[in-house]
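Shown here is one chain on its own, the form predicted alone, set out as structure tokens.
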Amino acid sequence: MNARTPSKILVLPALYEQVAERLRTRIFAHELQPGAWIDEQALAVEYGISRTPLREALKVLAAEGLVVLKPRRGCYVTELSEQDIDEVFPVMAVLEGKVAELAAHRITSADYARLAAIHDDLEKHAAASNADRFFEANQRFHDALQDIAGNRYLAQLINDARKVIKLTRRDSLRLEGRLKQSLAEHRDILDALRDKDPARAQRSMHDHLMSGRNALARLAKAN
């Protein structure tokens, strides 16, 4: 009997994980607004599923800090307070600063070319005042930097915290002048990485994150 090469089996995410990802996307896009009540019955009908996988999905999102489950009141999209924002941004600044420091030690010419290409997209979207596309390119820049840094434990901590920050961070890019400012901050980070200067890369990234926090504060005052 001829030996056969085992075929690869495609493993799809569990239904509740698929639902969690759909809801996560809607929350980040603010289709489900901060503080909004989540109508479980309506969503179950919309998605054509029972309430069980939907509730499991909401538990996942609650563990990530994206929704709040309130006994006898239902589920609500998380609405960050000023104290929440003040607490999470310094943590992210330290974590992402460490990523930039590690990346500056490890970066190759190919890595730099990859980051520079993403930065070109940032330049293009900033020139077009397209905050949504800028935000997407910004995420790719930070993800690429994590890959270069090569510390999976640090990456996991950042990804967990980033889910919370994404509830608000896109808003800061809509503040007048913020796109231009953020672009200049990315240039500083890129220059430090090109020069393989870990201390400067760490400092530039830390300041970039805290600048985002300050932009949110200015936006809150403006509103």
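We number the residues from 1 along the sequence you see. Take the two forms, find the largest set of C-alpha atoms that superpose within 1.5 Å, and that set is the rigid core. These numbers come from a predicted model, not from an experiment.
What follows is about the form predicted in complex with a further copy of the same chain, which we do not show.
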Of Glu87, Asp143, Asp120, Asp132, the one that lies within 4.5 Å of a further copy of the same chain in the model of the complex (heavy atoms): Glu87
Heavy atom within 4.5 Å of a further copy of the same chain in the model of the complex - residue from Lys59, Arg194, Arg26, Lys166: Lys59
Check all three, Arg55, Leu157 and Asp160, heavy atom within 4.5 Å of a further copy of the same chain in the model of the complex: yes
Contact stretch among 120-128, 77-85, 134-142, 107-115 - heavy atom within 4.5 Å of a further copy of the same chain in the model of the complex: 77-85
4.5 angstroms heavy atom contact with a further copy of the same chain in the model of the complex for Val45: no
Contact of Val68 with a further copy of the same chain in the model of the complex (heavy atom, 4.5 Å): yes
Contact of His206 with a further copy of the same chain in the model of the complex (heavy atom, 4.5 Å): yes
Contact of Ala184 with a further copy of the same chain in the model of the complex (heavy atom, 4.5 Å): no
Any residue of 106-138 that, in the model of the complex, places a heavy atom within 4.5 Å of a further copy of the same chain: none
Threshold 2 Å Cα movement between this form and the one not shown at Gln18, rigid core reference: yes
Is_shifted Ile148 between this form and the one not shown (CA, 2 Å cut-off, rigid core): no
Tyr76 C-alpha relocation of at least 2 Å between this form and the one not shown, rigid core basis: yes
